[in-house]
Ligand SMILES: NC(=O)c1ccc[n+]([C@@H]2O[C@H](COP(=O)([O-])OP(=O)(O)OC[C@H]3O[C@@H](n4cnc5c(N)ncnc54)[C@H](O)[C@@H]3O)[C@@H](O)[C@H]2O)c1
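Presented as structure tokens, the chain that follows is alone, the form predicted on its own.
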Amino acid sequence: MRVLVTGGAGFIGSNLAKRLAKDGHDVVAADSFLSAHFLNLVDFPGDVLTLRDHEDVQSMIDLGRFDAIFHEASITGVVGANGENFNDQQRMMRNNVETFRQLLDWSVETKAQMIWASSCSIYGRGAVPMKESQAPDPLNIYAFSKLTMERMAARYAPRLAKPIVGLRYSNVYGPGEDHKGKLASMIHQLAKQMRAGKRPRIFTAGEQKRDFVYIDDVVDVNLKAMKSKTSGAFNAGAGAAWSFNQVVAELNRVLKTDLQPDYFTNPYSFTQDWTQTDLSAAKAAFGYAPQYDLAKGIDAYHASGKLGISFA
């Protein structure tokens, strides 16, 4: 197939683009390179389209029809590179929502299949395990933008030639995320601190839990979602939860260190205390079953030579 991956130089996009190319597809990785990094695509053999800015949809349209579009591009997170609270509502909504609207119009016209990146941040502090049927509780503008995109996708679904699938990612980690800086996974950031001989800094008392999902499982769920017979938004996590204390213990194991956590009070009001995905809907719709728990994922990350290492 001819496939477009938006955010193709980003963390998830680059890993997905490389896997699609390896599987024999004709892949275009589109990115503005304003927040991603070229190092993620050095070993990508496909076509690289450089966009004018985050909202440049026309350059992608100008390349003609695609069989499938994997929309991974968005402004992510709520903490800036210097640790500040990211609260530019207009920029977040314009970039995430309005570019998606244009891509959906294009998909209707060309009959392209659409798989796109949503987020488990939509659940906020809702009940655990998080199920697609529960009420949304977005705690910040990023989560609200994803919720708005989900509702837009549902309105477009009857007009599209194939089912449209949104994937609610949880906390994704793995090779290719280093360029994200403060927005990289806590697994990567804590490993970086520990490699420098520093005690890993986590919120008191380290028992907050996260559904950490390894990048290979995220790539896998994207490929499986292409076979879905049903439109909708589906959880795409690990289906389990681990505390930050457990993360530190696993990092000490692979890095062969013995650094105890440096606890500090959580200064943010918009963070989730416990995330854990219920994967029954994704399993029923297209057979998603993650292969990596926390220990196996950190082992794979460490084996890649990129855990806690800065490249950009």
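The structure displayed is predicted, hence computed values, not measured ones. Residue numbers here begin at 1 and follow the sequence given.
The discussion below concerns the form predicted in complex with the ligand, not included here.
For the options 254, 51, 285, 68, the residue carrying a heavy atom within 4.5 angstroms of the ligand in the predicted bound form is 51. In terms of contact with the ligand in the predicted bound form, the residue from 164, 190, 104, 117 that brings a heavy atom within 4.5 Å is 117. Shown alone, this chain has one stretch from 224-232, 196-204, 176-184, 156-164 that lies within 4.5 Å of the ligand in the predicted bound form by heavy atoms: 176-184. Put simply, residue 147 is far from the ligand in the predicted bound form: not one heavy atom of it is within 4.5 Å.
The ligand in the predicted bound form comes within 4.5 Å of no heavy atom belonging to residue 143. Using a 4.5 Å cutoff between non-hydrogen atoms, residue 36 counts as a contact of the ligand in the predicted bound form. Using a 4.5 angstroms limit between non-hydrogen atoms, residue 214 is distant from the ligand in the predicted bound form.
Contacts between 159-183 and the ligand, taken as any heavy atom within 4.5 Å in the predicted bound form, involve 169, 170, 171, 172, 179, 180.
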